[in-house]
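A lone chain, given as C-alpha cells: the form predicted alone.
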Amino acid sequence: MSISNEQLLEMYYSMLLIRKFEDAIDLYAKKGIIPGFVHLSTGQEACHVGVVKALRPTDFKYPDHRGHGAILMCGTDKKRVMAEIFGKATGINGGRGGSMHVNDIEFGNMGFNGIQGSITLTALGTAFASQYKGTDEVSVVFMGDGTLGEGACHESINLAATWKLPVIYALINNQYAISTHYTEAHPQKQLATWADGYGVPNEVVDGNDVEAVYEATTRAVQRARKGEGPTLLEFMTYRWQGHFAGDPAAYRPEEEVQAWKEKCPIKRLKEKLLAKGESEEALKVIEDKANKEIEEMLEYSLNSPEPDPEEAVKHVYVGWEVESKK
C-alpha cells in the first residue's frame, strides 16, 4: 500500500493540530477556565489520524473519553469543537457536552457518554443499519485497554462476529487504565489476541507510526465493506500525561515516560518526511499554519458567549419540554 508524500503531509498537519489543540486545552483547563474534567491524548495522535484518514465522511465514528483527535478529524467545524470544550453557547452542542460529550451526527461523530464501554454496544446499531440497508458504511469504535475489561466489550464483539457486522474495534493501548498497567489487569501479552475466542481477525500495530495505523485500518475497512465482519486492531502507544489534566501520574516511572516520548509519533513522521525529500522550511510552514488555526480557535472560544441558563433544560427528552426553575 503506497502512501504519497501529499497524504503524509496532510497527516503531519493533522497530528500537529491535535497536539497543539490539546496543549491549549490543557493550559486553559489548569487555569480553571474550562469546566469539568479533561482527558488528553498527547502522544496518541497517530492513532486518531491514521484511523479516521482511512474512513469516509459517511462512516460512523465513536470517539471515547480521550477522543479530541478523532473528533477534530471528522470534518466538524474545529473552532466550534473547542468552544464546546470551553462550555460556550457557540459550541457544537451548545456548551452542554464539554470535553467528553462532543458529537456531530452530520459528520458521523456519534459521540461518547459516561458509561465506560457502552459505545461498543451502541456501535452495533449503526453497523446493523448499514448491513440491513445494504450500504457499505463501517462503524469504528475507539476504546482503551481499560475499557476492554468491561463486559460490554465481550457482548459487542460476540454479536458483531456472529452477525458479521461491519465494526472496527480501534483499541488504543496506551499502557494504563487510570493508574493500572494493562499487564496487571489482563493475562494476555497482547490484548488483540482477546478476539481469537470470537473468531475475529486481529492485528497488533505500532500506534506511533501513522502509516502503519492507516494501512491496518484500511485493511480492516476493506474487510468490513465486503461483508466479512469485524476486526480488532490494537494500537500500541502511550499517553504522555496522567489520566486527566492535572493528574501528576506518580504511578509511572519517569524513565518509562521519557522512553515513550522519544518515540513521539509527530517526530517520527517528520523524520520520515525529511528522509523522503521534504524540506525543513516546508514543514515549518505547516507548523505555522497549525499555530495560526489554533490561535483562531482560541480567539473564537474565549470571545464566545456563555449559554443562556434556559438552554440547560432543552433536549433532555425527545418530544418533551422540561420546565426550568428560576
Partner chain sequence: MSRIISYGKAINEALHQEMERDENVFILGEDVAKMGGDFGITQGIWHKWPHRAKDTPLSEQAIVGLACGAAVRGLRPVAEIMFADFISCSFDQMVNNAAKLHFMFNGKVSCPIVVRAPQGAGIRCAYHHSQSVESWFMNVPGLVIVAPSTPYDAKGLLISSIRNDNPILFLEHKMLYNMKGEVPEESYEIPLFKADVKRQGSDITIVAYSRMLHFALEAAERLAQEGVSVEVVDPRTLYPIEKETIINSVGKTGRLVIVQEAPKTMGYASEISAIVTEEIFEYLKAPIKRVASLDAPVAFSPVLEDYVLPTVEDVVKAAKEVMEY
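It should be emphasised that the depicted structure is a prediction, and the values quoted were computed from it without experimental measurement. Positions refer to the first chain, counted from 1.
The following text describes the form predicted together with the partner chain, which does not appear among the structures shown.
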Using a 4.5 Å heavy atom cut-off, which residue among Glu211, Glu203, Glu150, Asp77 comes into contact with the partner chain in the model of the complex? Glu150
From Met236, Val221, Leu233, Leu124: within 4.5 Å of the partner chain in the model of the complex by heavy atoms is Leu124
Using a 4.5 Å heavy atom cut-off, are Gly114, Leu159 and Val322 all in contact with the partner chain in the model of the complex? yes
Is there a heavy atom of Gly242 lying 4.5 Å or less from a heavy atom of the partner chain in the model of the complex? no
Is Asp23 a contact residue for the partner chain in the model of the complex, using a 4.5 Å heavy atom cut-off? no
Applying a 4.5 Å heavy atom distance criterion, does Met110 contact the partner chain in the model of the complex? yes
Applying a 4.5 Å heavy atom distance criterion, does Glu137 contact the partner chain in the model of the complex? yes
Among 67 to 75, 221 to 229, 167 to 175, 140 to 148, mark the stretch whose residues have heavy atoms within 4.5 Å of the partner chain in the model of the complex. 140 to 148
In the model of the complex: members of 16 to 36 within 4.5 Å of the partner chain, any heavy atom: Pro35, Gly36
